[in-house]
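Single chain ahead, written as structure tokens, the form predicted alone.
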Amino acid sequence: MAINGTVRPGLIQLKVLDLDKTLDFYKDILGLDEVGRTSDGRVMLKAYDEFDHHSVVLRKASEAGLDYVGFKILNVAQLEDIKAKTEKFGYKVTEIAPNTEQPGFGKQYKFTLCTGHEFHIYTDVEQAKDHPQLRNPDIWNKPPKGMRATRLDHFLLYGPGIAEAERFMVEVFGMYVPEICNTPDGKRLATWITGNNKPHDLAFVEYPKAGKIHHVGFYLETWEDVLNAADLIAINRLKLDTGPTRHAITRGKTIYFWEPSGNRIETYCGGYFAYPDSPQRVWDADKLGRGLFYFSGEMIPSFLEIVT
């Protein structure tokens, strides 16, 4: 449920190096469905349990990384309210006409946070042709493929000034912050933010370079699905980062790896239910290794150092 109008992270556009090879990964291994292609050659995809036209877009580029992320807003009135609050907060907002930047999407607004990340907000989206059934529905239309990703779930963004970014998400998007990690002097090192009952829709880590992405997360149904993802990582000779393991932060059960273009992917399941009236969980920076990797309790250097 959307608690204050921000429904969920519903869109991400990623830069990839080898479009064909990387697309094969997203379709055959991660298990997304190709929806179509834009006039400029971008590929639109969705997970099998998503209703909206598409959620993931791949764009061929000279380097891997993030173009932008998008959040779905509950209705037009709240979309316009968030647009006005964003401008009052101090970020310049640009309108995108319907069915231009993203086929199937209505009017969008875009702006850039202090962290250097471009955000889009929207409310109107066409239903996908192959959406989950609505009347006497089966559990799926056709058997899920590969890792059986059910949905785009969250992303972790790296950039400067995350304390301001956290404040923006709370004050403007109406989200809340179930968990944080602080440095010894009390400054924010990392923050996990949600607009519903998930432990996080997005997270930020303080980082000197702007506009970086650590990973994009896709939700799986079970721990057995996470183990199946591990098998597919090994069988397809993908580069593993860490896992299968679990977090203490969010309590998700997880595995991290890199897709063929070098963007990090997380497939995970579980996690606690978040509520806005729950006390905030606080981690000290020297305990972050245990928070992220509960079994070993030790930080993995690559996890903090490699971003795109």
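The numbering used is simple: start at 1 and walk along the sequence shown. The structure displayed is predicted, hence computed values, not measured ones.
Form predicted together with a further copy of the same chain: not shown, discussed below.
Heavy atoms of Asn4 reach within 4.5 Å of a further copy of the same chain in the model of the complex, making it an interface residue. a further copy of the same chain is not shown here, but in the model of the complex it comes within 4.5 Å of a heavy atom of Thr222.
Interface residue remark: Glu298 is counted as part of the site for a further copy of the same chain in the model of the complex, having a heavy atom within 4.5 Å.
Contact check for Ile235: a non-hydrogen atom falls within 4.5 Å of a further copy of the same chain in the model of the complex.
Only one of Gly90, Gly186, Pro208, Pro137 comes within 4.5 Å of a further copy of the same chain in the model of the complex through a heavy atom, and that residue is Pro137. With the partner omitted from this view, the residue of Ile265, Leu30, Ala248, Val57 that lies near a further copy of the same chain in the model of the complex is Ala248 [heavy atom within 4.5 Å].
For the candidate spot formed by Val69, His215 and Glu259, no residue has a non-hydrogen atom within 4.5 angstroms of a further copy of the same chain in the model of the complex.
Heavy atoms within 4.5 Å of a further copy of the same chain in the model of the complex belong, among the stretches 90 to 98, 103 to 111, 222 to 230, 158 to 166, to residues of 222 to 230. Using a 4.5 Å cut-off on any heavy atom, the residues of 47 to 85 that reach a further copy of the same chain in the model of the complex are, in sequence order, Asp49, Phe51, Asp52, Lys72, Leu74.
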